[in-house]
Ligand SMILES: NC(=O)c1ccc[n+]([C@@H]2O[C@H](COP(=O)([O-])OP(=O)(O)OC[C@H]3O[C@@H](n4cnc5c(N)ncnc54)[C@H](OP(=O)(O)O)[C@@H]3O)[C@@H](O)[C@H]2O)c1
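First comes one chain, alone, set out as C-alpha cells in the form predicted alone.
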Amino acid sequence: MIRLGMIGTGNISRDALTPAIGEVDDAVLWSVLSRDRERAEAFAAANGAAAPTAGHDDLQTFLADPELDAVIIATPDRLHAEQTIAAATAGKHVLVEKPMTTSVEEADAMVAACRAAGVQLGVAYHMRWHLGHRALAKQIHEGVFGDIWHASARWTSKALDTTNWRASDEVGRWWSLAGVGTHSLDWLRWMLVPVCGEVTKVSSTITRDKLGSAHDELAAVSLTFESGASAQFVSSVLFAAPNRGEILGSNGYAYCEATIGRWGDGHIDTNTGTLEFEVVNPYAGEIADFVNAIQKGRAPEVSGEEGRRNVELLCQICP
C-alpha cells in the first residue's frame, strides 16, 4: 500500500485527484498539506486520510512523516519546484500537476533533485489514461492511419474576470496555456512524436488583456514536427466551445468529440467507423500508473523529462 500525501486542497484535489485515490487498490490518502491548518484538517477528515496526524500547514513537518511514501502536488504552478525539491530531499516520490513548473531551469532542478534522491517524478497529464485516447494512440503508432500529416486539439473555457490565480504573476506564468493548453500540447506530442519525430518549429498568436490579464487569454499555436507533419491547438478563457481533437493521415482519419477534457467519455469516429472504448476515470489511471512506478522502480509513463519538454515548448509559445 502506497501512502499518498496531498499538497493543495483546491478544486482539482477535491473534485478529481482525491476521489481517484479511492479507486486505486494499492493507494491510500495518508495526509494533507494546506496553507491553512483548519482547512487541511477538514479536507483530511472529509476524505478519510489515514495518518494519525493528517492535516498540516507546514511543509517540513508534513514531509518529516516516515510513513509517508509519496506526494501529489496540486498547488499553483510557481510553487511546484520548491515543493518537489523539498519532497525529493525528504525521500518522497512526487506526482506533480501540470505544467510541472514555469521555467526550464526549475524543471531541470526538479528532475535533478528526484534523480539524486532516487525517487520517481511523474507529471499529471490525465488525458493519457482516457481509454479512447490510448486505443487511438496505439493505432497511430502501429501505422493504421498511415503517415500522419496533421493533428489538432481545442480545449477552452470562459472566464468572467481575472480572479483566477493563473491571471496574475504572483503564483502563475500562463493562464489558458497552463490551465488547458498544456494538456493539448501533451496530447499532440504523445500522439505524434513516436511516428513524426520531435517538434522542430513553434509559432503562436497570443491574445492578452481582454479581461485585464497580462497573461495569455487566448493562444493559437502551430507546431511543425521532424517528419514535416503539422499540428495546431487552441486554448482560451475568452470563450467556451466544444472540445475536439483530430488526426489526419495518408490512410485515414480520427475525429475526437468531447474526449479532450477532464473525464474519460466522448466519442471517436474514424474512417472505418466508431472507435469503441470503456469510459473510466483517467485520474485514477494516472495515479495507478504512479503507484505502480513506485512499486516497480520504473519511471512513470509521463516522466519529469517529458514534463520538462512541455515546459520548454510553453516557454517558446508564450515567453
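We number the residues from 1 along the sequence you see. Note that the coordinates shown come from a computational prediction; the quantities given were computed from them, not determined experimentally.
Below, we turn to the form predicted in complex with the named molecule, even though it does not appear here.
Using a 4.5 angstroms heavy atom cutoff to the named molecule in the model of the complex, none of 153, 181 and 219 count as contacting. Of the stretches 221 to 229, 98 to 106, 133 to 141, 239 to 247, only 98 to 106 has residues with a heavy atom within 4.5 Å of the named molecule in the model of the complex. Among residues of the shown chain, residue 10 is one whose heavy atoms approach the named molecule to within 4.5 Å in the model of the complex. Of the heavy atoms in residue 76, some are within 4.5 Å of the named molecule in the model of the complex. The closest heavy atom approach of residue 267 to the named molecule in the model of the complex falls outside 4.5 Å.
Within this chain, residue 124 lines the site of the named molecule in the model of the complex, having a heavy atom no more than 4.5 Å away. Of the residues given (171, 202, 214, 112), 171 alone sits with a heavy atom within 4.5 Å of the named molecule in the model of the complex. Along 260 to 290, a non-hydrogen atom within 4.5 Å of the named molecule in the model of the complex is carried by 262, 283, in order along the sequence.
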